[in-house]
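Before any questions on binding or motion, here is one chain by itself as structure tokens, the form predicted on its own.
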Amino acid sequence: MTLVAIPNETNPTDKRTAMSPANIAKLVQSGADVLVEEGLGVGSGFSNDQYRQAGAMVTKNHEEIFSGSDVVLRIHKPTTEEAELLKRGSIHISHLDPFNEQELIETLNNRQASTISMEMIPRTTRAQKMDALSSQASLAGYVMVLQAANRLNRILPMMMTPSGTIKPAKVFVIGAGVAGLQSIATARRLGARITAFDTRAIVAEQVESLGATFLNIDLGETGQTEDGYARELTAEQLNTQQQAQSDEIAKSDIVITTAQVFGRKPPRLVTLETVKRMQPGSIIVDMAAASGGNVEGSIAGEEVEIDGVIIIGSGNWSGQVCRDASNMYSNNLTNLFTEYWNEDRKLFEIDLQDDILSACVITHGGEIINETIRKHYS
């Protein structure tokens, strides 16, 4: 019988859990034995008894999760020490940050572990139900608007009162991917007036369908990757974008930046000079602060103030709504697991000819088999 194990997340600031009791029950019903670490869902409001009632065994032994299981499911990448505990030939599924964690990937490979990186799930129709980046980014877009609104020194909607009319706040969203579109939708529901920009002109229709105005900036040829991500701009294009959007930023009450280039440092979109043009009391939320930042002056995990403008780079955005974030990530993992679960053999099978697995499996059979990552390391 295959033993599937879920450890507690070791990041003290993240209250999410990789598996909800409802999805544990699905794994058990499929024929897997499930072991969870005591306290697994406490941060998200799930008790140990709920996991037991779903059919899981509960252990206090953190090391047992890694050394005794056939499949490990989690949110964050393991530490090197945890990776060295893995049972040889086991399967580890989580975010792995493979572009920046070569030593960890090599450690996992030396254990002959098969690893699946949740960041590498392709953005295809078939893989959509497994796409954790998108599910968490959607929640992040919502949270960023609420954080900005909470810190702003005025209200977002227009309000007509006996003492006068309050104009709606102006919100500028940079990047109209999953997080950006959710930011637009949330700000719109709160009554703000929104302008948005994305290097991919193809998303203008989506922006406008949500009630926002699309800022047109001629950057020449840009486009998007096969997976739907924005292509990296040249230095000249980036400078053009910075200059063209500076006026829009200066007159905005809230600016939300969501631009990230997968596997690379995010582009610097807002200069310190532009920040200083904003009115004191204005808010900037930098979604990319943890990986380098879109905004000059933002600091990962912190809130800073520059000439009266507050820049929020707190990060772990979806973790701020950990209950829903846990449920959504748990659904992503369960959909991935059940897609490749052989009910007859009671095994999780890795087929490297499969279009999804060929993109997200990093190590297998003692080799780094992902071509993109292998080339990145060479």
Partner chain sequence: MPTVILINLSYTVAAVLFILGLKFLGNPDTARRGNALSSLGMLLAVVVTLLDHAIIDYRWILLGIVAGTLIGAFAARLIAMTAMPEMVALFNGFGGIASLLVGCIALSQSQLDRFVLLTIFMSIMIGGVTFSGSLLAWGKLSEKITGRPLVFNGQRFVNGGLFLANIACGVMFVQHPEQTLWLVLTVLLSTSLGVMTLLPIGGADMPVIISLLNSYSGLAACAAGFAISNNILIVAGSLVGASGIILTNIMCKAMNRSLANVLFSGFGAASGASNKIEGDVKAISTEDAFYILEAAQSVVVIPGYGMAVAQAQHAVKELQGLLEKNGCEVLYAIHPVAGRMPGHMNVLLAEADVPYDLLLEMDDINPRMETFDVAIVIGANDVVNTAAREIESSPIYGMPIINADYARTVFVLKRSMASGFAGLDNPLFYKDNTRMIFGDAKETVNKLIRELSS
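Just so it is clear, the structure is predicted and the values come from calculations on it, not from any experiment. Residue numbers count along the first chain shown, from 1.
The discussion below concerns the form predicted in complex with the partner chain, not included here.
Thinking of I249, R264 and R268 as one candidate spot, does the partner chain come within 4.5 Å of a heavy atom in every one of them in the predicted bound form? No.
Only one of these stretches, 294-302, 269-277, 71-79, 206-214, has heavy atoms within 4.5 Å of the partner chain in the predicted bound form; which one is it? Careful reading of the contacts points to 206-214.
Just one of M120, A185, L104, A290 has a heavy atom within 4.5 angstroms of the partner chain in the predicted bound form, so which one? The residue in contact is A185.
Looking in the predicted bound form, any heavy atom of L181 within 4.5 Å of the partner chain? Because a heavy atom of L181 falls inside 4.5 Å of the partner chain in the predicted bound form, the answer is yes.
Is the gap between G308 and the partner chain in the predicted bound form 4.5 Å or less for some heavy atom pair? Although the partner chain is absent here, G308 would stay clear of it in the predicted bound form, with no heavy atoms inside 4.5 Å.
H95: touches the partner chain in the predicted bound form, heavy atom cutoff 4.5 angstroms: No, H95 sits far enough from the partner chain in the predicted bound form that none of its heavy atoms falls within 4.5 Å.
Is T240 near the partner chain? Define near as a heavy atom within 4.5 Å, in the predicted bound form. Although the partner chain is absent here, T240 would stay clear of it in the predicted bound form, with no heavy atoms inside 4.5 Å.
Residues of stretch 135-153 in contact with the partner chain in the predicted bound form (4.5 Å, non-hydrogen atom): If the 4.5 Å heavy-atom criterion is applied to the partner chain in the predicted bound form, 135-153 yields only S138.
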